[in-house]
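Below, in structure tokens: the form predicted on its own, a single chain.
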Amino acid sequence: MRLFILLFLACPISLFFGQNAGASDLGNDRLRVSGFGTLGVTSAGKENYGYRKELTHAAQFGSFSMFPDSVFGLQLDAEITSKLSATVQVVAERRTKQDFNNIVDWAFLRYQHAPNTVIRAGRMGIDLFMLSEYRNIGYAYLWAHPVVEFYTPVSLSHYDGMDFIYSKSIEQGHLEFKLYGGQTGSDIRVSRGDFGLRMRPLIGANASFETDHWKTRITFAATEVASTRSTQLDRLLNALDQVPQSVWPQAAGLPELISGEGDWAYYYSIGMSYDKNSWLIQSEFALTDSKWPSVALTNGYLSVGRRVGPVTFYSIGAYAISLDKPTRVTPQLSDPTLHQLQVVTQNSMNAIHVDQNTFSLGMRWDLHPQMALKAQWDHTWVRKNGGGLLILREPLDHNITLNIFSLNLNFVF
């Protein structure tokens, strides 16, 4: 927490020097420093149902806070040779777990073998979305925050590995293909406490085609759940393992469904954007297929914006829904201890199920070439036992609605 505050207090100083000197070359034309940030305030959640825009963030229970949207980042690019360069990006934001590993978002070497061929190795942004390369850079996209239903379920900001990028300009536009592989992970917060997730191997590919006004991309990725860590989860799994199969046969198969270790997840998505004259339209849809109920879902959104001078008004419709209904824990047992374990297990299975929609209205005011002010209202419907993106202080046994208000200032330098 102290480290986050110290880095964030550097924001006004860095912005001052950045605006007066541009991207600084540090006295050497082979070194370049740049940065970005967001200062924001958000009102969200209810007393027993906490709302967050990233699984790595703490939830808001009906309060105002500056932490959910506020972020500050610095990036250093170094040209080592004419073909070899290095990039390091550090990001300060309030996360569930604060350590050096989470703060260093990018750290990779880039080798340009030919004008249209690039190989990178190290820590890089995980390329699953239209916003993958600038998810933390609020100035680079239209909304006050990434669409929760689409971006929150995959709260993975980077992976460690390699990628290969091939691009080609043709008469109709620009083509790009990418292959990558490595490992990834995240430290998130769930209703039962902190949860550590490590996934390897990770393999993926995407292809995009871009013209003056249109961009289309398709994405595929696959990974195996290597390990999960949670004190509360371990207690539940240990309790289920000790139940005699003759007393409760279903208990033996529940730990695998809950932990997900050894399961594979397959991610498919398609995205399109259009930007011409006064209109901005963007849409993405995805399917994540897995035997692990926590990640098996379909989600998507459609965003439409209209420019009026320096101000852009926009609306968003989004959804996220798990592929299967929550697992039913049966039968009801007369033993009080086992009955309590059944209740806890059923609530845990319900708590990972996702079923919500959001309609949003917002505006962006480009008040400076390097600065934008944004305001957004989100109205979210969460259905019974569909609060997998929330933090639940009590079981969600009925439908609820949430109103989220966001106001922030985005900048780059």
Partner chain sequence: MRYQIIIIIVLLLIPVTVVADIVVVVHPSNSIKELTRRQVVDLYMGRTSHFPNGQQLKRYDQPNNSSVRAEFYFRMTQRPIAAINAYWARLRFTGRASPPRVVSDHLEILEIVEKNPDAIGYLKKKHLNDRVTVVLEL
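Positions refer to the first chain, counted from 1. Because the structure is a prediction, the values reported are computed rather than measured.
The discussion below concerns the form predicted together with the partner chain, not included here.
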* Structure fact -> Testing 126 to 134, 315 to 323, 194 to 202, 284 to 292 against the partner chain in the model of the complex with a 4.5 Å heavy atom criterion leaves exactly one stretch, namely 126 to 134
* State yes only if every one of Asp29, Ser82 and Asp366 has a non-hydrogen atom within 4.5 Å of the partner chain in the model of the complex; otherwise state no. => yes
* **is_contact(Phe36, the partner chain) in the model of the complex, heavy atom dist at most 4.5 Å** => yes
* Indicate whether Leu409 is a 4.5 Å heavy atom neighbour of the partner chain in the model of the complex. => no
* Using the partner position in the model of the complex, report whether Gly173 sits within 4.5 Å of the partner chain, counting heavy atoms only. => yes
* in the model of the complex, does Gln75 have a heavy atom within 4.5 Å of the partner chain? -> yes
* Sole residue of Arg95, His158, Arg189, Arg110 within 4.5 Å of the partner chain in the model of the complex, by heavy atom -> Arg110
* Just one of Asn357, Gln370, Asn48, Ser43 has a heavy atom within 4.5 angstroms of the partner chain in the model of the complex, so which one? -> Gln370
* To do: Enumerate the residues of 275 to 301 that have a non-hydrogen atom within 4.5 Å of the partner chain in the model of the complex, in sequence order, or give none.
  => Asp275, Lys276, Asn277
